[in-house]
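What follows is a single chain, given as structure tokens, in the form predicted on its own.
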Amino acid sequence: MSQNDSVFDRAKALFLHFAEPLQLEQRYAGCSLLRRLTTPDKTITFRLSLQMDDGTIKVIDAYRVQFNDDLGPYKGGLRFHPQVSLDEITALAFWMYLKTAVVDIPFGGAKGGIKIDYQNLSAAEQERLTKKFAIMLTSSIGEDTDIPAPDVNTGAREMAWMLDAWRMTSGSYHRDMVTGKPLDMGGSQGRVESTGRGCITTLAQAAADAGIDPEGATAAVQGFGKVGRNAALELVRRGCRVIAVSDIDGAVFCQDGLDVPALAEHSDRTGSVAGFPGGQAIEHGGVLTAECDFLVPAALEDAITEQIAPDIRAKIIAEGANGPTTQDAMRILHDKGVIVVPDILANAGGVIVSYFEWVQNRQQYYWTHEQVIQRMTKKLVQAYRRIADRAGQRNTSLRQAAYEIAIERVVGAMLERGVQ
């Protein structure tokens, strides 16, 4: 596949590659399983008209892709970003249903997005846009149908706005319609750090299998948003030295280990890791190619390409982002002996805790932070062990084993449900 191909085309090609050993078309002749597994159930595109504070009207493209619900209601985040496209949202919805399958939670996969420079809107404009987006999706979203959550440039505030919009239009207070909410509106303890912390949980399992002790090991983290920041903090808690960190505006390095809590405070204060006095400035690519034990790519898609892969010196990569490694790069890393914990497992902590939030909302009974983290950890460790055992038995990569497990789960439910 060429880098010029769409994100979804590349995601689909990767899926077909990993599905090939399962011989689905031969085993289930006439069922068109591969086409059903790689075609979205529903694609919703619509126009949003936003009145700006100065009275002008901005016309904006918005999307929600509901890809597969064989295992349960659609589930997936919302990203508000100027580079959002239908192609990207489709790929993310595709990966989400594989992610929920691989960690064995009763959800399908969806994704939503708005193509907008969201951070440069005023707070009032952001609220109007988010609530209008929620209202436009009212007939397609619900606690038993499709449950949104935060993603890029969205968080607890946006989820609260969406819940309020639905409450005002329906007259009902259904907390389980959306996850990632503020705690006092039915959010779950542990949700904020779940994806980053869960990423390091899976990395630690791979490190144990490889005989690497996180205590005293070195790590690099690309991206310092919700995922990367919490991954870096969790690495430090486990005794690891985080030697390199980057965000969109800069990258810093310190061989003795960055003071990650101080770096987080600096980022909060200045908006970037750039200029952090506790480290030296380096090029963005230097984070990916730093000599270290662990690498966590936690930014956007396609960060590790075939051009960068030969220079990567990490022993284990845990993919905190969705689709950070291209297919050609995967082959190079595999040939180099680099262990890669794939995204559909490594960053599944967020959707696991979203599932826990949904469960707590339905019961109207809430768990402690310790209970949430313990249950998330148990889910991730169980999923990792199933994947690692299969990979070992079949002499395949963790990614191959993860895809096979996810595909078999969805196919099983699809066949049990009959023709759709």
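Note that the structure is a prediction, hence the values are computed from the model and not measured. Just count from 1 along the sequence shown to find any residue number.
The same protein also exists as the form predicted together with a small molecule; that form is not shown, yet it is the one meant from here on.
- Only one segment in the set 299-307, 281-289, 143-151, 130-138 has any non-hydrogen atom within 4.5 angstroms of the small molecule in the model of the complex, and it is 143-151.
- Proximity to the small molecule in the model of the complex, defined as a heavy atom within 4.5 Å, singles out one entry of S267, Q126, N322, T201, which is N322.
- Checked against the small molecule in the model of the complex, the residues M96, I89, M159, L235 give one hit for a heavy atom within 4.5 Å, which is M96.
- Within this chain, G350 lines the site of the small molecule in the model of the complex, having a heavy atom no more than 4.5 Å away.
- Remark: K75 counts among the residues lining the small molecule in the model of the complex, judged by a heavy atom distance of 4.5 Å or less.
- In the model of the complex, at least one heavy atom of S354 sits within 4.5 Å of the small molecule.
- Of the heavy atoms in T179, some are within 4.5 Å of the small molecule in the model of the complex.
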